[in-house]
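Before any questions on how it binds or moves, here is one chain, the form predicted on its own, in structure tokens.
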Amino acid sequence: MENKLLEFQNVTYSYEEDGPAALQGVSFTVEKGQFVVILGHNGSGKSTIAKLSNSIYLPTEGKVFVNGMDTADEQNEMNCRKTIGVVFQNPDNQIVASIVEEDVAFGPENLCIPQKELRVRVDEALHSVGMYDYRHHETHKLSGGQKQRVAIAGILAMKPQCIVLDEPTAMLDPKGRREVMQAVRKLNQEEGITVLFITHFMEEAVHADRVMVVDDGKILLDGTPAEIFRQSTLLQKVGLDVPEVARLAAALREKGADLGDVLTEDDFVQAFAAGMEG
């Protein structure tokens, strides 16, 4: 059974003709139901991947396929965008209505969804991101994290199989970042929505199924969070770091206390306690 949802085949992309390549020969596959995080510093090419994923940009060279559909074929454009929804960094750029539920309804209304089904979709989407109780609130009075969850709900109401989130927490405070991450993880774990989450915050990658590191327009690393964060020296060379907890565990390992692969505070507490008991 074919399980590929998104596939990049040797993709190169340049913003200007004869200009430098923002992506160079990138190939990877995202399978249905995966939670994939893409890490990279500013200008590494990770946001270009987001825009190539559902026909916003088309490859200069190579191919991008969404559920087997070639994004460069104009006939596939709408179906590609129905399959993969993109949430951008600034929610204010995606929120178009003054009331929360009206904003979430905007996308599916443009798909000519019948009114009865539209009501169900809006309510389900708001429940999914924990914003149903705010459905009658004015959007401009919401916090940054709440606005971003509304933006995600607006994409969810269009029933995509995959959501690509392009640095959705970059403009948020720590509370807002936690709210968005919790909502996205719930969508993946409980509703089976495929997630491609683009960020430069290391802590946001620890719960992913898979992490890809992009540098200078190429895939530098691709593996589980534990595999990636073992490469701390290489990550630092490309302007990235490992989560603080993982860095502390590495320092203790150098002192002879091997705590194993520690990525979260809970991992650290459990590993440290086990070490003390031992």
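The structure presented is a predicted model; accordingly, all values stated were derived computationally and were not measured. So that there is no doubt, residue numbering starts at 1 and follows the sequence shown.
Heads up, the form predicted together with a small molecule isn't pictured, but that's what we're talking about next.
In the predicted bound form, the small molecule stays beyond 4.5 Å of every heavy atom belonging to Ser53. Among heavy atoms of Thr48, some come within 4.5 Å of the small molecule in the predicted bound form.
When contacts are judged by a 4.5 Å heavy atom cut-off, Gln236 does not count as touching the small molecule in the predicted bound form. Looking at Gly33, you'd find every heavy atom of it more than 4.5 angstroms from the small molecule in the predicted bound form. Residue in contact with the small molecule in the predicted bound form (any heavy atom within 4.5 Å), chosen from Lys63, Arg230, His41, Lys218: His41.
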